[in-house]
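Take a look at this single chain in structure tokens; it is the form predicted alone.
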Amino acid sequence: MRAARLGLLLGAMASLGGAALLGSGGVQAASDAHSKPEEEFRTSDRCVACHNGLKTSQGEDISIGFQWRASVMANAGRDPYWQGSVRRETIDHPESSLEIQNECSTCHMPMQHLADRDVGVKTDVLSRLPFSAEKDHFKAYKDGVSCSVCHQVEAKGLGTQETFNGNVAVAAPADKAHRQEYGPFDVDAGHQRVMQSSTKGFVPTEAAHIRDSGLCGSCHTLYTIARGPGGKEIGKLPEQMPFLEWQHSDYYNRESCQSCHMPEVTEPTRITAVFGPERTGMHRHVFVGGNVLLPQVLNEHRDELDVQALPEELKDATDRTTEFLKTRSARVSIADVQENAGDVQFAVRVENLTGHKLPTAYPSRRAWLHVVVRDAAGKVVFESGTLRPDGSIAGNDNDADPKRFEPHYTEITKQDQVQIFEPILKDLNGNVTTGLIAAVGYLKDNRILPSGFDKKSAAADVAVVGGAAEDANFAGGASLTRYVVPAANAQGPFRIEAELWYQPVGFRWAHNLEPYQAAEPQRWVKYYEENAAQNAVVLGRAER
């Protein structure tokens, strides 16, 4: 925590006095009159001017500002699914509305949140919506995970419980006119003066921790407070754990978060347009990951969401994410095929090529096996896991009934059985829920484990839950599912096709917002239905 925080807090409390707004529990609501993010941070428009116009020798545009503004990080506050989900939670838990908004703003609107935190108030998200070009004074809300957030985080406590949930320390000002902003390179005095001038006081400072996975882990290790009647805290959900999953894998010793999600430029290149010297080891600021849906939605609804990235930048982000998912996430194979008198038996193996569970992070994500068996004439005799046009999966109990879900299967024998790799949340009564604030744990977590992940020694927060925990064929690095397909009335030889599909937002996680009669949830359901056919990617495929 910055040293000046206590003094700022006391000063703010004194000035608020009896006129302060009070949220539930007597907590002060955020007030722009007391929280001044513009003093602690700079919005990205102050950085873009110098960190653009950058290309490799092959002509690839690696401009930091342009790549960042089309990323999920830049648009964390504009994300319509996040906005709809926040509204839903405040409707479900009205007595805790301000606490929920404040908690959610930590990672989605960090500039405003950290500035509010440092003067002891809580961040109000919903009163700032919808964003529009006219609301220019809400830049700190709109700018998402902006440049000067990550580049001002101190090394203290990174990768530990101390900084999880975005509870990072921000660099304290050296004096009234100078603040440190961290980067991986040593910057000469001339360029320091350029940056100080263009940003009004920020001083580029070399610091190795900017490339530490713990920097990413501070927001990407998220525990959500579970609340019951009256807003009472009833538990803590380990909601998003990719950093801890990575630590329990053998990727911990060989690849960082940045090495996959910010691919390195493999040649010397400039990082600034203004007389920048060539640097070795620059990383692209694309933050490529698993959310292939968001850039599509942002591009289709630019005005409604007040999007700043250009259409071609968002299309590039969509294409980049799709290619990343198709080539870097999974490998599928078919083995042990036996054609018997009355059936066909085989196994489908899925190998996880990532450094965390697949899928990981926000629990709306799921991957599943689509398996087809055809006879000698090409007629389908068995099909499991068909994706429907509305985004649901044929045979998935949870898509048909929000109270049920598919178990983890060791063996599939019927077409209405689907192997779905997913987390299923439970509330205090053990019921299935997609409400994060109601969730206290998991009924199922069979997301495919990364290489080296030992499920027997895994901590409870990253544990395998449900049938996969006892499945000997579900282990670190891969999952194997056996299929026994009835084929008494069909003629071989048989052709087997196996695909691993993935969705960033499953059908139930979208449509459970439908009953909430508020602008943000209704808008999201509309967007989801418009994009249902494009909301899925094949991660891997095999035939035999």
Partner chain sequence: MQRDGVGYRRLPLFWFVLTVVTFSSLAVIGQRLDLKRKPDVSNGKRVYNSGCNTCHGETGKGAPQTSTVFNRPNTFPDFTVCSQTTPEADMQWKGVVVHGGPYKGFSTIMPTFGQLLSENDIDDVIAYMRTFCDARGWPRGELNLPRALVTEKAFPENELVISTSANATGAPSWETHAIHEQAFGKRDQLEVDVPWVLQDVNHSLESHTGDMTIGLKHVMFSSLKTGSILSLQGGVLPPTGSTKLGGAGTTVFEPFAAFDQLWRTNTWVQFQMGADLPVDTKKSPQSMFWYTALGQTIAQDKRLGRQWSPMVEFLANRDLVDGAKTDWDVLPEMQVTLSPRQHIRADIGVRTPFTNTAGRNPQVQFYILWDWADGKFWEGW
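In this text the structure is predicted, and so the values were computed from the model without any measurement. Positions refer to the first chain, counted from 1.
One more form of this protein exists, namely the form predicted together with its partner chain; it is left out here, but the text below deals with it.
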With the cut-off set at 4.5 Å between non-hydrogen atoms, does A475 touch its partner chain in the predicted bound form?
no
A273 versus its partner chain, in the predicted bound form: is there a non-hydrogen atom within 4.5 Å?
yes
Residue-level question: is V194 within 4.5 Å of its partner chain in the predicted bound form, judged on heavy atoms?
yes
F138, heavy atom within 4.5 angstroms of its partner chain in the predicted bound form
yes
Hey, with its partner chain in the predicted bound form, do P407, E411 and Q503 all fall inside the 4.5 Å heavy atom range?
no
Which residue, V48, V484, A519, I496, has a heavy atom that falls within 4.5 Å of its partner chain in the predicted bound form?
V48
The one residue among K379, R388, K200, K403 placing a heavy atom within 4.5 Å of its partner chain in the predicted bound form is K200
Out of 104-112, 273-281, 72-80, 350-358, where are the residues with a heavy atom within 4.5 Å of its partner chain in the predicted bound form?
273-281
Those residues of 508-526 with a non-hydrogen atom no more than 4.5 Å from its partner chain in the predicted bound form are none
